[in-house]
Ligand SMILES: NC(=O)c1ccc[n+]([C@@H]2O[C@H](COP(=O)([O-])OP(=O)(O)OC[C@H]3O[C@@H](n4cnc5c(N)ncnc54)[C@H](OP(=O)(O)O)[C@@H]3O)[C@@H](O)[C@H]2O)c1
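We begin with a single chain expressed as structure tokens, specifically the form predicted alone.
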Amino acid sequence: MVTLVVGASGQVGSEVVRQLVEQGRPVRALVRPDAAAAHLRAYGDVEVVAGDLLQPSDVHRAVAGSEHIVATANSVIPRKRGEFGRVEREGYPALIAAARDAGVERFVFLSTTAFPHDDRIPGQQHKRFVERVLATSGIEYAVVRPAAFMESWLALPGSSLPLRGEVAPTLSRDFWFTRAFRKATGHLTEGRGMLTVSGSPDVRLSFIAIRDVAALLLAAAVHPAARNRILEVGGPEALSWQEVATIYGRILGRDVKVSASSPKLFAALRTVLTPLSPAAGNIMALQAGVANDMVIPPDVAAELGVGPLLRVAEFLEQKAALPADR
């Protein structure tokens, strides 16, 4: 029976598909009709299905015959105006209902770890809504809540290094706010030796690589210990921004300093931006949220047999070995 990957053309979904093919498991990839999917076919034997989560007929067609569903689709950085939150609030309930009706064995949902003041971050509330729908659906499920993605949260302070070689990176989606933000800040670390962060340089985060998140999602689809659980999982270490700057400095061969901004600045920007763009306001709310320690142990990964997990230094060293134009 096939594993259906929803959101398969995205950064995490693409890696899930790649690993499924590598393991020799049948995979069906649900992608938006306008999504670039050539890289998925290049992985090998992948059934690519074009469909819209907001169209019931597309959802039922994709779900039919699936044994497991791994759902990574999200609208945190929307591609079109008015899309923020619709995938979670409208698409996922229909997808979960279709999965139940089709007799899907287990539904795995990629959520996000709990932030301080989760209730003030709309994107977090969208995720929690899906979790509640899933928990009351009657279908067997697993919710994976990973810590801060290395590919995103090590790039946002001002580096392009984490994006080297990435397939369909979330931060490169065609969204006006992230496009402008990355244009202004995307090379501060390499060019000026700066990491611009929210809060204190001593704030510690349990960074985790997307490679490991994908492996966790696939393990959660079949491991008995993942049944009907919310799985909070961090990377192998919790590092402060100061420690991250030291790693960057060693790899880049230059001094890298942390420039800390008050989380109140991001909270104020959230207030200003939300009426213009809820998605942009949400990103600022997330930035304010990471001004607090978010230390999550990697115990779940060990429990599900995933590891060893990639460390930040190893991740950045691997990225630095890639050509800058990839």
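Numbers for residues come from their place in the sequence shown, where the first is 1. On a predicted model such as this, the values are computed, not experimentally measured, just so you know.
Although it is not shown, the form predicted together with this ligand is what the next lines describe.
Enquirer: Within a 4.5 Å heavy atom cut-off, is L4 in contact with this ligand in the predicted bound form?
Expert: It does not: once this ligand is placed as it appears in the predicted bound form, L4 has no heavy atom within 4.5 Å of it.
Enquirer: Answer with yes or no whether D293 is in contact with this ligand in the predicted bound form, where contact means some heavy atom within 4.5 Å.
Expert: No, D293 is distant from the partner.
Enquirer: Would you check, heavy atoms only and a 4.5 Å threshold, whether L316 touches this ligand in the predicted bound form?
Expert: Looking in the predicted bound form, residue contacts with this ligand do not include L316, since no heavy atom lies within 4.5 Å.
Enquirer: Should A35 be classed as touching this ligand in the predicted bound form when contacts are defined as heavy atoms within 4.5 Å?
Expert: Heavy-atom contact with this ligand at 4.5 Å: present for A35.
Enquirer: Counting only non-hydrogen atoms, which stretch in 48-56, 297-305, 270-278, 254-262 is within 4.5 Å of this ligand in the predicted bound form?
Expert: Of the options given, it is 48-56.
Enquirer: So which of S200, T246, S152, T178 gets a non-hydrogen atom within 4.5 Å of this ligand in the predicted bound form?
Expert: Residue within 4.5 Å of the partner: S152.
Enquirer: Going by heavy atom distances of 4.5 angstroms or less, which of A214, L239, A148, V104 would be at the interface with this ligand in the predicted bound form?
Expert: So the residue touching this ligand in the predicted bound form, by this definition, is A148.
Enquirer: Using the arrangement in the predicted bound form, list in sequence order the residues of 107-126 with any heavy atom within 4.5 angstroms of this ligand.
Expert: Counting only heavy atoms within 4.5 Å of this ligand in the predicted bound form, the contacting residues of 107-126 are L110, S111, T112.
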